[in-house]
Ligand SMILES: Nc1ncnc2c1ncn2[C@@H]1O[C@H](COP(=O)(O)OP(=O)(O)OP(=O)(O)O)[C@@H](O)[C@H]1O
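Take a look at this single chain in structure tokens; it is the form predicted alone.
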């Protein structure tokens, strides 16, 4: 009962940024996501956890229509960003992805300078009216070593560059698909610190295979299993007092 009251207070004080209702995803005949409904709050880090192949990355890709790029994928249900149906035919997916940025598992800087990496998004979306405005955006996100090649950085630096590139378009939501899985512990800690800072300005959703990472960086956690959203709630409650026995089995290591 106390958990429910806490959840109601949280929902009352934090705006719902992304609302998904009855979402199903099919890859051809494969039913990958089954009737998922979830409210993702603004200015919070939401973690998606679950075993490999459980659907967490597939669902994440629904939130900026990345599944549109897969010819056999079909998404049904309702997903709204600030109340706007993101699958409405009038919504331009390119413009949507400027509002809902994404950082991938493997750092993927362009083979250009750090400056050009960060400037790319604002340039193609017309967010800077002049070179001076573009310089200002880039300086804000990546002040040092702007002329150096992005590919010459360490793995952790490359991933932080990719995060800077993603937020240079001033998105409202930032999706991160296992952003630390290719990084060493020191680089992981630096990225986690950055994620904590980002939630002041963005709604952050992170897919992670590490329950420890979810516990460290997120305020809310969703547990996926076999394409179903089994449980969603405040992170501390999910890890210490899960309501569903499947969640408890996963957290204790009995399934995974």
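Numbering follows the first chain given and starts at 1. Only a predicted model underlies this, so the values are computations on that prediction, with no experimental measurement involved.
As for the form predicted together with this ligand, it is not shown, yet the points below apply to it.
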Looking at 57, 213, 188, 46, which is the one with a non-hydrogen atom within 4.5 Å of this ligand in the predicted complex? 57
Partner-proximal stretch of 25-33, 214-222, 191-199, 38-46 relative to this ligand in the predicted complex, 4.5 angstroms, heavy atom: 25-33
May I ask you to state whether residue 72 is within 4.5 Å of this ligand in the predicted complex, using heavy atom distances? yes
Sequence-ordered residues of 178-197 touching this ligand in the predicted complex, heavy atom within 4.5 Å: 178
